[in-house]
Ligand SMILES: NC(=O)c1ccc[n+]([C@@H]2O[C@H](COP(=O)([O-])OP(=O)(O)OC[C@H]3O[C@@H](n4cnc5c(N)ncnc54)[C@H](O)[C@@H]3O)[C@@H](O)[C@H]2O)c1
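Only one chain is included here, represented as structure tokens and corresponding to the form predicted alone.
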């Protein structure tokens, strides 16, 4: 197993694509910290991993809170003694309604930036001391293909996800001497949760514009997370890996 005994924190790990990440790294032998603002959902995923013979810990976290992200890291260290990988997956998307930029309320803009960008910053700060002490670590930031294609009517979301790419590159430069790899993934539109409600016409259009003309599912992203978490990617940092079936050529 490629991640045997590695300790992996997945934020937003209790639902949707985050659940797929949690289950996927567990199957590769990782000890998984399922961190989610929805504590009950995190507990369900942790219990499912345990039922399948894996190790998991459910931790409640609000990624916009310095104290709560620090508590997440402390709970991980108390349980497992180390932190090998942070998957910065928690984000606001499904709760956002499409609208022209001129109609986005200021408080909605601030909330999206707080979760989608500040959250990465605080979680990275929380795990950094442990990774530095270990002399090694991996931080995987989940961006979005919308930042590559400039999807309209989601200006705050697209802007935040573009910021994730810049955050990844700058942090990779800073943490190279600590042997901590920082990379990003840009998923395409993935059928999970609210995306199941898309119309057949929307899905057909999306499939037609891909090289692989089918829908994208959470499992399509799991292999890339496993790769970036494993020793196979030890000399890769500051990169953005696009996983969208060939919609955007990046």
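Residue numbers count along the first chain shown, from 1. Remember, it's a predicted structure, so these values are computed and weren't measured experimentally.
The form predicted in complex with the named molecule exists for this protein as well; it is not shown, and the discussion that follows is about that form.
Peer 1: In the model of the complex, which of 76 to 84, 102 to 110, 166 to 174, 140 to 148 comes within 4.5 Å of the named molecule (heavy atoms)?
Peer 2: Within 4.5 Å of the partner lies stretch 140 to 148.
Peer 1: Since only the chain is shown here, I'm wondering whether residue 16 would be in contact with the named molecule in the model of the complex (any heavy atom pair within 4.5 Å).
Peer 2: Yes, residue 16 is a contact residue.
Peer 1: Residue 93 near the named molecule in the model of the complex, any heavy atom under 4.5 Å?
Peer 2: Contact with the named molecule, yes.
Peer 1: Do residue 63 and the named molecule come within 4.5 Å of each other in the model of the complex, heavy atoms counted?
Peer 2: Yes - in the model of the complex, heavy atoms of residue 63 and the named molecule come within 4.5 Å of each other.
Peer 1: Within a 4.5 Å heavy atom cut-off, is residue 38 in contact with the named molecule in the model of the complex?
Peer 2: Yes, residue 38 lies within 4.5 Å of the named molecule in the model of the complex.
Peer 1: Considering 49, 222, 57, 189, which brings a non-hydrogen atom within 4.5 Å of the named molecule in the model of the complex?
Peer 2: Only one listed residue qualifies here, and that residue is 189.
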